[in-house]
Each structure stands twice: as structure tokens, then as C-alpha cells.
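For reference, the chain that follows is the form predicted on its own, supplied as C-alpha cells.
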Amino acid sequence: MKTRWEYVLLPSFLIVGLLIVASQYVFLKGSFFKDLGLGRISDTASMVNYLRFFTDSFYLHTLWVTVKTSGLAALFTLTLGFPVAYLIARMQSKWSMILLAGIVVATFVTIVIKVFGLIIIFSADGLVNQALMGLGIVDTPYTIIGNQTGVVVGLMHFTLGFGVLLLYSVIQTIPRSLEDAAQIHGASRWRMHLRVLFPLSLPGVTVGVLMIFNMCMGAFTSAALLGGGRVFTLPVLIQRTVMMEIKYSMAGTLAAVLLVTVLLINLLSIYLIRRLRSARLVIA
């Protein structure tokens, strides 16, 4: 009898959905009223905030920057984290547990400390710039503050440990014997990873990438500190709209757009994976 996992997961999905809607109810409700200034909002519901968002190039660009930086951070986290997770998962010595414990401890370090550590490392007289200038790669110090590259690096630093732990658990479920069998039959290490390991891990990797992407979409500290007031993502813009402009309704609209965007991207990704599975391009 085939297990219908969608029925098993349905209660959890409903609970999570209820919590999301309940926590966002105030913002969602307030987004349908016009700001009158000084924190006051109109009594008449309208779509003026949404019309402004989707007709203003500044807000649309902010949405694009948020999706772009989150997507790049998730992609680079996967690229850097998968080899590390694979190496730890296939180790047969005590060092695997030591390395895993180190990653777990690193994830407990607050993001503020991590970001300030990046700022120190990438400062004009920091280790990275000294190495780059010493090797003649750059002539002047390179900064990650005030540009999208810095925001992506900060988001990666925020999610990399979590990504390695997640990918480690996925790789652990794949028997080592399948890799040995592929190599015995003449497959190279690269071909084995491409045709055996990655397809088997793709469903778990997809879930992990979506979780990392969702974390990056809602991340505030990295974008605020490393963006330096020049790179606006939706979380940063929401904070600015509430604290500096005192436009609660517009902030609610931004929060609603962020929530719906994340949900749509996740649903679209799940739909594409289901299509791939139905075409037997992914091994479930």
C-alpha cells in the first residue's frame, strides 16, 4: 500500500498556515487602508497601497533585489555546503562528529556578531584585503558594505551552517553501497555524483534550498548592516517605513507582498518538482 504523505503532512501544513495568517493578520488588515500621516490610517478600505507598490519602480526594484539576493545566497550556500556535508557524512572517524559539533556551535552565534566579524575581515586593513592586495588581484581595498555582494555574503554566513546540517541529514539517508556499485561498474567520481548521488538527494536538497531561501527573504540584520543604507530589501524597507516614515499601512502592504511572494515561489517550486517526478527525471 502506497503511503499518501500529503495526507500525513496536511495537519502540519494547516497548523503552520494558521500561525502565519494569525501572526500577519494585523499587517494584512492594515494594508487595505490608506495612510493619513503621523501613524493615522483611513477608515475606508481601498487598494491604494497595492496600486502604489505595483506602479512604483522603487518598490518593484526592492522586491527584485530581495528575491535576487535571497536566491543567490541559497544557491551559493548549496554550492559550498554540499561538498562539506558530503565529506562529513562519509567520514569514518571521530573527526566527523567534531566537525559536526563545530558547525552546530557556530549556528548558535548571533547574526550580529557574524556580520560584524565580516566587516572586520573585509575592512581596508583586514585579512582578505591584505591577501588580495598582496597577490596583486586588486589595487585598492574591496568592501562588502553598501553593495548587493556584501548582502549575499552576509546571508550566506547566516545560513551556511544550517544548510550544511540539513544537507548532511539528506546525504546520510543515501546508502554508501550505491556509490560503490556505480564506481565498480566504471563510473568516475564525478559521474557518480552527477548520476547517482545528486538525483537521489534532489528532493531533500530542494526542500533545504527553499528553507534557506525563505530564511534569506525574511532576514533583516545582514541586509541592514551590510547594505549600509544603499541596498534595500523588503525587510529593511518595512523597518524604515514603520520607524522613520511612520506609515503603518504601507508597511503592512510590504509585509503582505513579501509573504505572498514567498508562498508563490515555494508553491511554484513544489509544482515543478512534482512535474519532474512525474516525468521520472527525479528519483523519489
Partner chain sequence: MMDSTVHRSREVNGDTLARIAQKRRKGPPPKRGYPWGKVSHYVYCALSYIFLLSPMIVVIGASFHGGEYYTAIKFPPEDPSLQWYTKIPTAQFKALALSFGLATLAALGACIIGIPAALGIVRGKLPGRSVISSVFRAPLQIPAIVTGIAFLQLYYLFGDATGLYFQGTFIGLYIGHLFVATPYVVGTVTAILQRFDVRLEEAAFSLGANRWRTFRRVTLPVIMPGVYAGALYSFMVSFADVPISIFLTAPGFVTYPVELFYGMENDFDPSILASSSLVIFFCLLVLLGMQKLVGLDNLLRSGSR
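We call the rigid core whatever largest set of C-alpha positions still superposes within 1.5 Å between the two forms. Computed from a predicted model, the values in this text were never measured in an experiment. Residue numbers count along the first chain shown, from 1.
Although it is not shown, the form predicted in complex with its partner chain is what the next lines describe.
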Quiz item: Heavy atoms within 4.5 Å of its partner chain in the predicted complex: does Ile137 have any?
Solution: no
Self-check item: Proximity of Ser269 to its partner chain in the predicted complex, heavy atoms at 4.5 Å
Solution: no
Quiz item: Going by a heavy atom distance of 4.5 Å, is Tyr50 a contact of its partner chain in the predicted complex?
Solution: no
Quiz item: Would Asn147 show up as a contact with its partner chain in the predicted complex if we use heavy atoms at 4.5 Å?
Solution: no
Quiz item: What are the residues of 234 to 257, in order along the chain, with a heavy atom within 4.5 Å of its partner chain in the predicted complex?
Solution: Pro235, Ile238, Gln239, Val242, Met243, Tyr248, Ala251, Gly252, Ala255
Quiz item: On a core-based superposition, does Ile265 travel 2 Å or more at its Cα between the shown form and the other one?
Solution: no
